[in-house]
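The same protein chain appears twice below, in two forms, each given on its own as structure tokens and labelled structure 1 and structure 2.
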Structure 1
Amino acid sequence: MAFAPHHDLIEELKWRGLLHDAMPGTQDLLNREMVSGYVGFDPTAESLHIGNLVPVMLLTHLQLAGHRPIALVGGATGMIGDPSGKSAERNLLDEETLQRNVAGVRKQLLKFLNFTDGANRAELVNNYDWFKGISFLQFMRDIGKHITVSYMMAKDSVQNRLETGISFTEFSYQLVQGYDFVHLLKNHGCKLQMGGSDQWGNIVTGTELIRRMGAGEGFALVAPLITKTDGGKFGKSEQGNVWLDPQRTSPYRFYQFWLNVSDEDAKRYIRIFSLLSRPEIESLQQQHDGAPHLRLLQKALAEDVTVRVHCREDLDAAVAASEILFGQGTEDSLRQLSESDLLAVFEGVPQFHISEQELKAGIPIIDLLAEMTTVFPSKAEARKMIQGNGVSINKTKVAAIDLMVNVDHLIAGRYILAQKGKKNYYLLIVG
């Protein structure tokens, strides 16, 4: 039976803003036969970050179009370090750290692709498995002889490092990555390599090595490097990288990153990072343009990506946490927050430390807010605002000026949230 793609992958990537360049013949190949295509991930950390989501989305769309994705975790190439986009030599990882990183990246990739069902089920490979049996002399003789130094020197990743210096180790990286393509073509029938546009030089070294070694024909497809409209670097928050690992970036922070992107960025990112259909996205954009203050694009983007990277429960918790901060939460929803999410939600609000001993005995609300802390500058002002129904403890309005605050008010064992008016929060911490 002749192969019929579910849709034209190249056209799909174009409208989503996920296509920067492709070798001639790639589109015809994808429309003619089921293609195995791969993306390589260097395990430089135990977790992927959102910058890695672009190549992940390439694999996802490849599979959705009916083709077969291969995710390569670079247990071997990770030992060398890719010079592409780097201004200086990277520190080499020890083998124990590398294997831990490989395991972490492998676990995350399992979330995005179907590895179990169908003829186009995805596959995970580790290039250490084939490189561990190749000696240095064998590599030089059987592989290195096919690519000239002048060819390798012409690559931008090398040219950009000539002044600052590049080691033979990083210089040889493109050759090692190129052999990955040869091996996958020979052993897995893989005809396509994908990645970011900064990988173009390494990828075409692979297609050239395939040609010169007489292994067949390889094809290449790359996505653009994602930027922010304001020129800032995509994927960074005030805390640094936005990671896929919930221990490094909580689902709440992850959700907030997408929720807070600009309108212009949201219009691009929802095409690139979500799996919403074209009619859904175009309808959302039209609604958003009519009422941009509702941030419909950002909310849809944040929901789609958070559910796929984490889960529906984590999304619900992140939304509930967001509502708490913006005045719509309840004491019950506040008490359901984990300690890490509580601290993330109220990061930057004024904090005061109070004595556990005194809290056990009970502290009059006015003393707590005007003497033990400086939520109010005076008892008179605290009393007046309480009587005006303008003070809350743990999202519950304080109805009596003689309220005694005690350990029963603690959230997550050591926190009390005081609120003055609608927008002024204070975190009281025991200890």
Structure 2
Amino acid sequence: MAFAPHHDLIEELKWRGLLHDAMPGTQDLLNREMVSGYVGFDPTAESLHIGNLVPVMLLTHLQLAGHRPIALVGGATGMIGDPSGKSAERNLLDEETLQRNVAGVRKQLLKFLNFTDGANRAELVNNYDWFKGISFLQFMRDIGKHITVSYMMAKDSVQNRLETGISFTEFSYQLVQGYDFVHLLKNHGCKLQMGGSDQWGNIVTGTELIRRMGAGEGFALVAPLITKTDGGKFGKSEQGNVWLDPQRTSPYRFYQFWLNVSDEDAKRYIRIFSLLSRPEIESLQQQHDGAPHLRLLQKALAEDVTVRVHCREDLDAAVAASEILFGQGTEDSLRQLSESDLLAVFEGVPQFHISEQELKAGIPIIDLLAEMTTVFPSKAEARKMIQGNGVSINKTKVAAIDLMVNVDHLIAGRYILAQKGKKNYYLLIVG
């Protein structure tokens, strides 16, 4: 039976801004047969972060086009360390951490693809499974023999490290990753490797190894590095990395991250990170240009990504929280919330506990924010911020520096909402 892709993947990726480069022949291959393609994920942490979402999207689009995605967790490569983009040798992760990371990443990847139905159902593999049976000598003889040192030296990832130093371990990395490709081609019929553009060098070593080992032909496709228009690094918020793990980055913060993207970035990101169709996106963009203050693009983007990474309920809660915190929220509307609603809204917000005794006596605002809690690192800073009109209690600006906070400020009997600037909330709980 002749294979027909659901659509031209390369064209789709191009339009979405997800295509940086592809090896010649890749497009033909994709339009000719059902292709298995893989992406590798390094278990450098227990959770993926939103930067990893880009290669995840490549797999997702691969599957949507009717091809078969393979997600690889680098249990073996993670033991070596990829020198790409690193300016210095890294410490090796201990095995226990590595195990935990592999398990964490694995679990997250399962969410994004269809692993159960259809001929093109996804597959999840761990390269440790095939590397654990290969001895060092075997590797040197069977694999290392095919690639020359000068070939390996020519890679940017290695070149950039010649001055500062690179261990043999990291130098060898590309061979290890390269062999993954050979293995997947032989055992899973996987002809395509995808990844971020920083992986191009490693991927090409793989296709080269395939050719020289006479294993057939490998193809490659990489996505561009995601940037921010203002030059900052993508994927960082004030709180640091934006993780997929709700324990590390709450769904609320996650949602807020996308909602806060600039107009320029939103136009690019919605193509890259959402699964909305081209007509939907184009229509949204048009509406957005007509009424930019409504931020339809950001909302659609945030909604789509939050639902896929977390779930519909988490999105609803995040939207509700955002509504209260940034909408027409006033002290009155806050006071009308029930305790359970309040807790739901502030689930992802940092919380502090304070004693009822002290509150009854009244606590100077400065002490409350800098001493009893760590909203501010020092009293001086708290004082300056209050004087600069940057602090609110229960959505009401603190005007007096010597404000005494007492039981009258409690909401729902035991909460106080402290706010630093416009976007930073803290929930103080009595008891």
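Small disclaimer: the values here were computed from a predicted structure and weren't measured. Rigid core here is just the name for the largest C-alpha set that superposes within 1.5 Å across the two forms. Residue numbering: sequential along structure 1, first residue numbered 1.
Matching the description of the form predicted together with the RNA is structure 2; structure 1 comes from elsewhere.
With the core superposed, residue 138 shows a C-alpha displacement below 2 Å between structures 1 and 2. Taking the rigid core as fixed, one finds a CA shift for residue 294 smaller than 2 Å between structures 1 and 2. In the core-superposed comparison between structures 1 and 2, the C-alpha atom of residue 351 has shifted by at least 2 angstroms.
Per-residue C-alpha deviation between structures 1 and 2, core superposed: residue 418, 7.8 Å. After superposition on the rigid core, the Cα atom of residue 338 is displaced by 12.5 Å between structures 1 and 2.
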